[in-house]
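Coming up is one lone chain in structure tokens, specifically the form predicted on its own.
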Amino acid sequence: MDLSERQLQILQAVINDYVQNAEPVGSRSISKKYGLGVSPATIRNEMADLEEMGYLTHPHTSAGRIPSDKAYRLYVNNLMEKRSLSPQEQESITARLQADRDEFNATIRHAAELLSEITHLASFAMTPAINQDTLNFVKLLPVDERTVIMMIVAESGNINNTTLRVNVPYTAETLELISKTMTVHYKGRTIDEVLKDAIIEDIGTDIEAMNLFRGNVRPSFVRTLEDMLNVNLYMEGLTNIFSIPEYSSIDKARDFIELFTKKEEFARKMLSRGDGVIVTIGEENSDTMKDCSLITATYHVDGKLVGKIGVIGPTRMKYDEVTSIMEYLTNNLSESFRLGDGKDNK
């Protein structure tokens, strides 16, 4: 059902007020603040219709209403006007990023820090990993009879821990045998080399070790190396959520932080998102993020798609402001690397 012009005005007023104040919005408040030229009673009736159409919801403890995911989607698609950054804001972003542009990973991490600082949300940035990083050692650690931690350590200090669910029995001696064999075979080799032609098929003659290696360790090792090769993930500003009303309870704050603890899973989800600025709201996200909004943008080096930068926070988000900042930030990154001398930008 199409909304009338008045309903659109009221809905936008409710969204603006709720994003600003984090409090359910009443008809009298809309009437006083926004000068729509109609009575509070008329606004109240229109809000009731908007609720019936699924654009507003009605908290049990309040007479006011709050926007639904459907309302935020309509706002982002049709009502939002992107905010222009002031010359001072643009100058600040440009100056702070150019300071590190000769150090690719440092620049991207700095961009994530800057994005979190400006938006007051949790942010992240993803970059390709250095494919010439060499492996130092592999270690398998027991957790319980069906769970093992695989630790892969590179010469650069990059450490990746992966939890394996195993379907065969094992002993500490079995894990030590596999760890030593893999370390001897892979130490000093680059991730590229290992993935192309150095993945071993056998771990020796020990039947228990062979079953565990072939069934669980080897496939997980390959997947983990591919993740290490494809992406570095930087996360910033997680503590910002403690100042957001939606995460005022410890349980909700903990659930939010846990989104970022499974870095490989999170990175894969982000890599599957398309190019450009993409906004997903509430239920449009996976189950673990259905109470959040996620905004990602892509940046380029030498005209090639390289990585993503993004923010995650409550659905009550300043979409106009955040998308404008992210567009400027990623355009600035792409332009900086295009203009750079190419050093460390591989």
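Fair warning: this is a prediction, and the values are worked out from it, not measured in the lab. One-based numbering along the sequence shown.
Another form exists, predicted together with the DNA; not displayed. Remarks below refer to it.
Stretch-level contact analysis of 291-299, 314-322, 34-42, 276-284 against the DNA in the predicted bound form, using heavy atoms and a 4.5 Å limit, identifies 34-42.
Using a 4.5 Å cutoff between non-hydrogen atoms, M47 counts as a contact of the DNA in the predicted bound form. Residue contact with the DNA in the predicted bound form: R65 places a heavy atom within 4.5 Å of it. At least one heavy atom of V25 is located within 4.5 Å of the DNA in the predicted bound form.
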